[in-house]
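Alright, here's a single protein chain in two forms, structure 1 and structure 2, each given by itself as structure tokens.
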Structure 1
């Protein structure tokens, strides 16, 4: 503390070092995926983007199953988003606005379900879906992903609704609003960004989930499932391109959700 500038410099240096550790791999995967096949075969690999090309990416996108898998991923992701909100938002509202017997056990149940490994669900679910004809459909994967996203959706939306004080609803009702009007005009506008964050969370969870999607499908692969199941017999260039295709949405998601990150992963976990 005697030399504040030295301390600030040390902090800055540490921050830069950590940032390099986090950012350099992302730079490298982008570099690899945007290099031509020919330059990927060179050794040593060029470390600067001197030879950019869309060849590797377009080859990846043209490989069998990638575009359908991409569409499946989109469909499952949106399905998960809608279903988890439909089921989760009312429960979040109940947790935020009511005290009821069974509230504590219900919350504990939610937390417990987060402790269940995905494998435990996927293997028996495959059997259940086989007998019910849902196996190898995007619906099966949607159901699984909704189950995985639901506890978080409930907890996030509960936190969001708690953030809109009941006083405000009451004020709206004093000044002439019906309960429904109060909800629509006062609660919804304030809760919307948070609920949108919960929706994005569900989508990203679905977009990233690979094990369950692989086990529950044969032909209707999602993108990660497609990449994983063809991993062992595909060239490195394909894998790098797949890696970038999976990383890009993450950058976008985190950029959009910066404000809500702490709420989503931090506060609601307690």
Structure 2
């Protein structure tokens, strides 16, 4: 009787440790970003919100280039999400439904596309987009982020489509549905949790990616690239405000998509 109890206690302790490891830095960043500049210079710094102020965030949002960079990040993130799902969901379905020669090496090849770091690809990428006329545009960053997110999108959706019974899809076609209609009306609704997980990964990857966006843009930078380019010359308050501005949209998007994940993992996440 002691072993199951000890195992459950160890799992709960690990969950609490991981949650604190992720939540404490976010809390400290939010506390600093929502505090006055005088409170940031105090020693020791208070760990409770005793002097809340919007001064730091207001100064950050009024900084040159921050609002356009935020809009660029939003455009690139949503574009990456849409493109990766448009290409990755049908590819994942084909990977789950059809057996073909070289299927296993193909799945491994998808993962190998993430083997090379962006630093190694920086010069070829810049040259390609300069030649095509897409350099310093949000379209270039969207295409790059889609290429980064697509392998994981394909593999996540393929794993979910394997769990959808093929019989239901065949039954829909027997009753007159076309293969596309059976896919959209029968398969996709049952695979929504996996599609939501893939969408979450694509958006968060695009929102947080900084190196590729810095290489491919000069005037149309995303928010992480804009913050990185001005970080060395910025005061401490600007850095905390930038960190909060980068974290909040990703957290809000994850909170919106969480209900679809609950359908896949059940009530254990509640």
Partner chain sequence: MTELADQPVLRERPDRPAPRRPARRVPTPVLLIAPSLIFMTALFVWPTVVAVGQAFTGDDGPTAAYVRRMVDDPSFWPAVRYTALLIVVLIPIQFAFALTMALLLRERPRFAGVYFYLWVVPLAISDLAAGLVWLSIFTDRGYLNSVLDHLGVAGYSWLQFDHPVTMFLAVMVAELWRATSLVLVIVVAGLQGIPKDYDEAAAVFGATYWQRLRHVLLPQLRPSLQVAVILRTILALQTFAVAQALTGRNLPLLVGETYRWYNALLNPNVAAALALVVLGVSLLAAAGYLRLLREHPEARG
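Not measured: the values here are computed from a predicted model. We call the rigid core whatever largest set of C-alpha positions still superposes within 1.5 Å between the two forms. Positions refer to the first chain, counted from 1.
Undergrad: Two copies of the same chain, shown separately. Which of them is the form predicted together with the partner chain?
TA: The chain shown first - structure 1 - is the form that fits the description.
Undergrad: Quick one: once the rigid core is lined up, does residue 175 have its C-alpha move by 2 Å or more between structures 1 and 2?
TA: Yes: residue 175 shifts by at least 2 Å between structures 1 and 2.
Undergrad: Verify the C-alpha shift of residue 83 between structures 1 and 2: is it 2 Å or more after superposing the core?
TA: After core superposition, the displacement of the residue 83 C-alpha between structures 1 and 2 stays below 2 Å, so no.
Undergrad: Please say whether, between structures 1 and 2, the C-alpha of residue 184 moves by 2 Å or more once the core is aligned.
TA: Yes: residue 184 shifts by at least 2 Å between structures 1 and 2.
Undergrad: So with the rigid core superposed, the C-alpha of residue 24 shifts by how many Å between structures 1 and 2?
TA: A shift of 2.6 Å.
Undergrad: Can you give me the Cα shift for residue 11 between structures 1 and 2? Core-superposed, in angstrom, one decimal please.
TA: Value for residue 11 between structures 1 and 2: 8.4 Å of C-alpha shift.
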